[in-house]
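Next up: just one chain, as structure tokens, the form predicted alone.
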């Protein structure tokens, strides 16, 4: 239902999104049946396609050419998909979007090579763009994403981390790729440099808000909605913002420690979820997310007059206010 609401916000792009969807399927085709099956398994799990949408919308501020801009959109979505495959190996995740992960359906080795293959395809697609700046932006983004993956491993199980550690992590995990989607869409379409930077900032703020909401929903949604156990982030050792905000609460900390130690029972999981849902942590985390969202909306207002501004605003509001 939520995904349908999002699609309605960019319904004007429907035909171009369909082009990108077909291009993604083509990009994931290979001579290896293992890679084919594993890659298409991930593609068929679906997704909001937020990054391609932002590429297309940002390109509307320049010379919009779907045949050119689709290369950028496909490349960004492939990078996102590859990072998900690698994330699932790192987190030892069995389910994603209600379906078995690649590492669960096959094994870690197949998953790692599938992720590497998808990354390589992303680079192949961007080579069709004759713009050195675009290549520089993409390569820097990929480097930061990889650093982010390592930081996430370093921060796992670490309850002594602070808010700065968390923001540093989600910046690389989510915000940078969304920022680059907006930036690259504008750059490749030849938009004014000032506008391209504004769109990049917009994408960064939206990405930060989006990830915080994602981390909140991991704790407030049902197992059925998530397609995995609520609180999975903590069970996998990932300390998110709501957990950081309650980690010193004597009524909740022992449950957090049990989750990190892998000794949490089902009853204790339900107890933990009940306590954190009624704590001030959820409200505080939402407020922080909303601060980023408001910064994103201010960037939209500062953009040149364009009919696309409403779409950017509506999608940002959806991402920062979604219930699931």
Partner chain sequence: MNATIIDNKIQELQNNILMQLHHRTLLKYTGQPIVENETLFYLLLPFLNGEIWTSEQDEVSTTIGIIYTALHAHDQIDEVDATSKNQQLTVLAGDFYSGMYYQLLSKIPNIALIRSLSDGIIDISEQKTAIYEPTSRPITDWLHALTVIESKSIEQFMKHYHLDQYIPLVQQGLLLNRLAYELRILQETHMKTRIVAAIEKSEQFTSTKRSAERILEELVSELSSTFTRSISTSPFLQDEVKTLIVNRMPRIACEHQTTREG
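Model, not experiment: these values are computed from the prediction. Numbering follows the first chain given and starts at 1.
Separately, the form predicted in complex with its partner chain exists; it is not shown, and the next lines address it.
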So its partner chain isn't shown here. In the predicted complex, which residue out of 35, 260, 273, 285 has a non-hydrogen atom within 4.5 Å of it? 35
Heavy atom within 4.5 Å of its partner chain in the predicted complex, from candidates 175, 252, 196, 126, belongs to 126
Want to guess which of 212-220, 143-151, 185-193, 237-245 is within 4.5 Å of its partner chain in the predicted complex, heavy atoms only? 143-151
Find out whether any non-hydrogen atom of residue 107 is located within 4.5 angstroms of its partner chain in the predicted complex, and reply yes or no. yes
Determine whether any heavy atom of residue 156 comes within 4.5 Å of a heavy atom of its partner chain in the predicted complex, and answer yes or no. yes
Heavy atoms within 4.5 Å of its partner chain in the predicted complex: does residue 226 have any? no
So in the predicted complex, does residue 161 come within 4.5 Å of its partner chain, heavy atom to heavy atom? no
Give a yes or no on whether every one of 30, 112 and 117 sits within 4.5 angstroms of its partner chain in the predicted complex by heavy atom. yes
